[in-house]
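Take a look at this one chain, the form predicted on its own, written out in structure tokens.
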Amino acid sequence: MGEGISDYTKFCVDLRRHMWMAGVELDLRRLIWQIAVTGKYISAKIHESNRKLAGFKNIYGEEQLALDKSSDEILKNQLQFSGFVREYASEERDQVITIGQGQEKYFVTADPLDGSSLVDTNLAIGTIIGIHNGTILGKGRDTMVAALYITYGPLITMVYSAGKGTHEFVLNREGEYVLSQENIRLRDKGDIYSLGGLRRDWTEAHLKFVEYLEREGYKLRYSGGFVPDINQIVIKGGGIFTYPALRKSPEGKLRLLFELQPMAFLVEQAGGVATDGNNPILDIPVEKLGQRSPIYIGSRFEVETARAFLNEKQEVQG
């Protein structure tokens, strides 16, 4: 048995080796590795959680779990003085903070613990990271050099891209992230859909799009967590996630900088599409930290079909 395990480990491709073979720049490799390791610490904190709220609201007026704050502090502390990161912006903070010495080139954005309200029901949750070079303002297509998310579920997995495809790694029993799927590709057309927002608050155009998916037999899959819902579409190889513009919230719910840009980067690298219903997410300029946007993300057919419905081109129903 021992020889079998040894042989298996020998032929596994771990995260560091994979990034080296892919030609990812050295400092970026080191930074991605450091964030991946930080995911282990966040996972440990989740496992010792007592599920209690921190007792106050975050900058957006939302109830803040102790886990949210702990995860944010863990990330900030691990990145501070790393030698790679100049500034850190988190969904849990009201401003960008300087954590380097001023000469570092990377800016890191984070949703430290997406879906933390699902902890008490023991559903999967995750961490979302964007890595930018030079600035976090402006268009993500101009500033982003890498993105990743970590899913804390039955397995701890990490999906990352440094602009050379999208790849999945699984944390094994030895504490190493080993390659699970390389160069993930989304099919042009999937068969699952994940819907945010209440049906009563949807616009008429969005409702007609959803009714089209229902008629076509798409399977509904929605947990209420952005990371597990996007992860399902990525790993299953197709489908669509949407949190649309609502009647009273035309900008939707999800935040462009912390959630949408990193996921759009990953999905585009896997051959998918991410838009606000009209414009590619990575082409929407970030003008403020808390900026929100509607999102349609996943396989090309579903996203383009949504765009057609939103522009009232009903011929797609045929």
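These figures come from a predicted structure and were not determined experimentally. A residue's number is simply how far along the shown sequence it sits, counting from 1.
Another form, the form predicted in complex with a small molecule, is not on view; read the next lines as being about it.
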Consider the chain as shown here, without its partner, and state which of 138, 224, 83, 134 has a heavy atom within 4.5 Å of the small molecule in the predicted bound form.
224
Find the only residue in 29, 69, 45, 253 having a heavy atom within 4.5 Å of the small molecule in the predicted bound form.
253
Among 160 to 168, 216 to 224, 97 to 105, 139 to 147, which stretch has residues whose heavy atoms lie within 4.5 Å of the small molecule in the predicted bound form?
216 to 224
Is residue 243 close enough to touch the small molecule in the predicted bound form, meaning at least one heavy atom pair within 4.5 Å?
yes
Consider residue 276 of the chain shown here, and say whether it contacts the small molecule in the predicted bound form, taking contact as heavy atoms within 4.5 Å.
no
Residue-level question: is residue 151 within 4.5 Å of the small molecule in the predicted bound form, judged on heavy atoms?
no
Please run the contact check for residue 127 against the small molecule in the predicted bound form: heavy atoms, 4.5 angstroms, yes or no?
no
